[in-house]
Each structure stands twice: as C-alpha cells, then as structure tokens.
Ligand code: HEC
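Just the one chain here, laid out as structure tokens, in the form predicted on its own.
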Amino acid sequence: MLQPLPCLYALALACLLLWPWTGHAQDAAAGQEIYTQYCALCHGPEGKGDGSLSANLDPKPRNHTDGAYMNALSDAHLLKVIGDGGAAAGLSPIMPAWKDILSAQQIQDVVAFVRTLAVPPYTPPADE
C-alpha cells in the first residue's frame, strides 16, 4: 500500500520542478499597469480610444469598451495584434508591435485586462 504522505511530497516536488516550464495564468491587474504605461496614450485610460495622442491618429485607436466588437475577437487575435502590431492583423499600421518590448506573459496580461473593459462583459467560449 502506498503511503499518502510520501506521495504528497513527490507530487509537490514534481509541481515545483515543473513550475518554470508551465504557463502562468493571465493577470488582469498586472495587465492594467502595462496598459496604462504603453497603451493608454492612444487607447485612453479607460480603453475608449480617446487617449491623449488619439486626436492626431487616422485611423482612430480601437475602443476596447465596445463589447459588440471586442467580444467577438479571440484571445489569439488579440495576442497577435498586441505582439505583432496592427498591420500584422490587417489593422492600423500605426499600432506598434510590442513583442520586442513586452514579454509573452506581459502581453497575455494585457489581453486579460482588455477583456475586463468590454461592455457587455466578455464571456470566454467554452473551449478557451
């Protein structure tokens, strides 16, 4: 018969050893800090596309609170737009690529934060 305590120790050790190689959950709070620093100048502090630089941009930055538009987008699409820039997804070439400035985890965190802005609120599909 297996001893429960040694099995728990082995499981805990396996989790600790594998931790660096597993993906981390998205962190919307961390994403908000990054969004404020890098995205709000164009998209605005509340994500409405009304940042201080938006007046001179054509096309205008996306309104991230527009749930009718934003909720239809997949996380993969948002990751691509943020990481590779707007032009990579057929959107505004003015939107810069952030993958050389932000880590993959930071970009995922920004996606998590952007998902909190939509009205009506975003509901992930069952397969995400």
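We number the residues from 1 along the sequence you see. No experiment lies behind these values; they were computed from the predicted model shown.
Beyond what is shown, the protein has a form predicted together with this ligand; the following relates to that form.
Contact annotation for residue 77: at least one heavy atom lies within 4.5 Å of this ligand in the predicted complex. A residue is said to contact a partner when one of its heavy atoms sits within 4.5 Å of a partner heavy atom; residue 71 fails this definition for this ligand in the predicted complex, lying far away. In the predicted complex, this ligand stays beyond 4.5 Å of every heavy atom belonging to residue 28. Although the partner is absent here, residue 48 is not a contact residue: none of its heavy atoms lies within 4.5 angstroms of this ligand in the predicted complex. Residues 59, 60, 61, 62, 64, 69, 70, 73 of 58-76 are found to place at least one heavy atom within 4.5 Å of this ligand in the predicted complex.
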